[in-house]
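Okay, here we've got a single chain as structure tokens, the form predicted on its own, with questions on binding and movement later.
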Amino acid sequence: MGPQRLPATQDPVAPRDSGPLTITVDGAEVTGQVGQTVAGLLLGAGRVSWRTSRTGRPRGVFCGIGVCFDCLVTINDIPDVRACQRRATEGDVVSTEPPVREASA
């Protein structure tokens, strides 16, 4: 069996109709389109970095494919979510500050 050509209506990766969505980032509303990643919304809002490394260097999207972990955010109280891999959904609450972790005894 060789390659097949799908009709455009059956293409599983074809762009679909999208609509607007709104998420909250550090208390401010950010709008985007359905299907965008959280990183895409942040970049679209003009934010090129949203956290800092331990040495204070800015971090945001570096690889964009989920390998580097530079884009970590907290979404709906779930820490360490890769913003470049997570599609935004209406009403998401995103925090760019790392959660405070208790020191182990």
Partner chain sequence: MISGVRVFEAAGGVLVVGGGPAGMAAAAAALRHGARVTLLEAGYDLGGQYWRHLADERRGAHEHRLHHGWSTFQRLHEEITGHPRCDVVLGGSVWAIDRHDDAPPVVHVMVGAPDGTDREPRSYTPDRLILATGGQERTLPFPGWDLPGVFTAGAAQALAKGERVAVGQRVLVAGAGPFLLPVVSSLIRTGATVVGVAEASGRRRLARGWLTRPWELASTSSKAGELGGYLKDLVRHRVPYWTGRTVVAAHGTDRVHSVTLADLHPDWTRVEGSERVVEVDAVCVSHGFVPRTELAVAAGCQLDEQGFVITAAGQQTSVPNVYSAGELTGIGGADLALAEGEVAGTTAAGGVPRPSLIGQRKNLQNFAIRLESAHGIRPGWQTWPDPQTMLCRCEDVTVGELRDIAAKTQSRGLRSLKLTTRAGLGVCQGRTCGRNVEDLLSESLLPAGRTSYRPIATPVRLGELAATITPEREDPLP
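Not measured: the values here are computed from a predicted model. Residue numbers count along the first chain shown, from 1. Rigid core here is just the name for the largest C-alpha set that superposes within 1.5 Å across the two forms.
There is another form of the same protein, the form predicted in complex with its partner chain; it is not shown, and what comes next is about it.
Discussion item. I'd like to know if D11 sits close to its partner chain in the predicted bound form, meaning any non-hydrogen atom pair within 4.5 angstroms.
Written reply: Heavy-atom contact with its partner chain at 4.5 Å: present for D11.
Worksheet item: Heavy atom to heavy atom, is E29 within 4.5 Å of its partner chain in the predicted bound form?
Response: Taking the distances in the predicted bound form, the answer for E29 is no, it never comes within 4.5 Å of its partner chain.
Discussion item. Is V81 near its partner chain? Define near as a heavy atom within 4.5 Å, in the predicted bound form.
Written reply: Output for V81 is yes: heavy atoms within 4.5 Å of its partner chain.
Discussion item. In the predicted bound form, does P20 come within 4.5 Å of its partner chain, counting heavy atoms only?
Written reply: Judged by the heavy-atom cut-off of 4.5 Å, P20 is well away from its partner chain in the predicted bound form.
Worksheet entry | Residues in 9 to 40 close to its partner chain in the predicted bound form, defined by a heavy atom within 4.5 Å, in order | Heavy-atom contacts within 4.5 Å come from D11, P12, V13, A14, P15, R16, S18, Q33, V34, G35, Q36, T37, G40.
Fill in: Core-superposed C-alpha of T89 shifting 2 Å or more between the shown form and the other one
It does not, since the T89 C-alpha is displaced less than 2 Å between the shown form and the other one after the core fit.
Worksheet item: Rigid core fitted, is the C-alpha displacement of P15 between the shown form and the other one 2 Å or more?
Response: Shift of 2 Å or more: yes.
Worksheet item: Against the shown form, C-alpha atoms of A8 and G35 in the predicted bound form: closer or farther, for a change of 3 Å or more?
Response: Closer: A8 and G35 approach by 3 Å or more in the predicted bound form.
Discussion item. Knowing the shift is 3 Å or more, I'd like to know if the C-alpha atoms of P12 and I65 are closer or farther apart in the predicted bound form than in the shown chain.
Written reply: Compared with this form, P12 and I65 lie farther apart in the predicted bound form.
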